[in-house]
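Next up: a single chain in structure tokens, the form predicted alone.
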């Protein structure tokens, strides 16, 4: 039984949401090596990279699902991205969510309700590996990534870039599935275990 003091997250059915498309959003890098090289160049100019990502929850079959962007056939990521130097984390995440998922129309203003930070990950070096702590011998980490819960309204309209897919992936599929989703996404079920999910029927 979940403790009554656990923070509550309202989770609405996937069928409540409308999904459209918009112009493609091309990736800046064509490979992991390119991405790490660009990160190195930016680090020399701006210092440590700070990125923010959103955990958007919906439900199907009375079970929480996370919305993930799929690039190509295999790679999945949370919506979000790199902050500009000095940019506020909440405002930066809203900006990134608008860029990735909002309709470019005043008729559908997005209502991103950014909640608490549920995880912080560190990249010690210009490598793919990240840790949920900063190793003690690392004095100049290269990236700090923060994951925030973003509370969805009962109804939203999402516009997904044509070259990407938006998937609703159940927590049981993510759990401990490092090989498919990597260490950050595969540990989201543990990060969310202290929350009480209020499954709101349509």
Partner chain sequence: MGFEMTMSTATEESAAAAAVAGERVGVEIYPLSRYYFGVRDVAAGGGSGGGGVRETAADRAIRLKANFAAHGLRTTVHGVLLVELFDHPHLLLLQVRNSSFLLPGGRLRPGEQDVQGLKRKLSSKLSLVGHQDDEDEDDKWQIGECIGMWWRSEFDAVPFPYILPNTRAAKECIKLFLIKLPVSRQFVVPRNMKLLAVYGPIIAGIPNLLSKFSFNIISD
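Worth saying up front: this structure is predicted, and the values here are computed from it rather than measured. Positions refer to the first chain, counted from 1.
Just so it is clear, the following notes concern the form predicted in complex with the partner chain, a form of the same protein that is not shown.
Using a 4.5 Å heavy atom cutoff, none of 18, 104 and 161 lies near the partner chain in the model of the complex.
A single residue from the set 165, 28, 40, 63 has any heavy atom within 4.5 angstroms of the partner chain in the model of the complex; that residue is 63. At the 4.5 Å threshold, heavy atoms of residue 146 reach the partner chain in the model of the complex. Residue 182 falls outside the set of residues with a heavy atom inside 4.5 Å of the partner chain in the model of the complex.
In the model of the complex, the partner chain lies farther than 4.5 Å from every heavy atom of residue 81. Taking the partner from elsewhere, residue 169 is found to have every heavy atom lying beyond 4.5 Å of the partner chain in the model of the complex. Only one segment in the set 41-49, 66-74, 152-160, 133-141 has residues whose heavy atoms sit within 4.5 Å of the partner chain in the model of the complex; it is 133-141.
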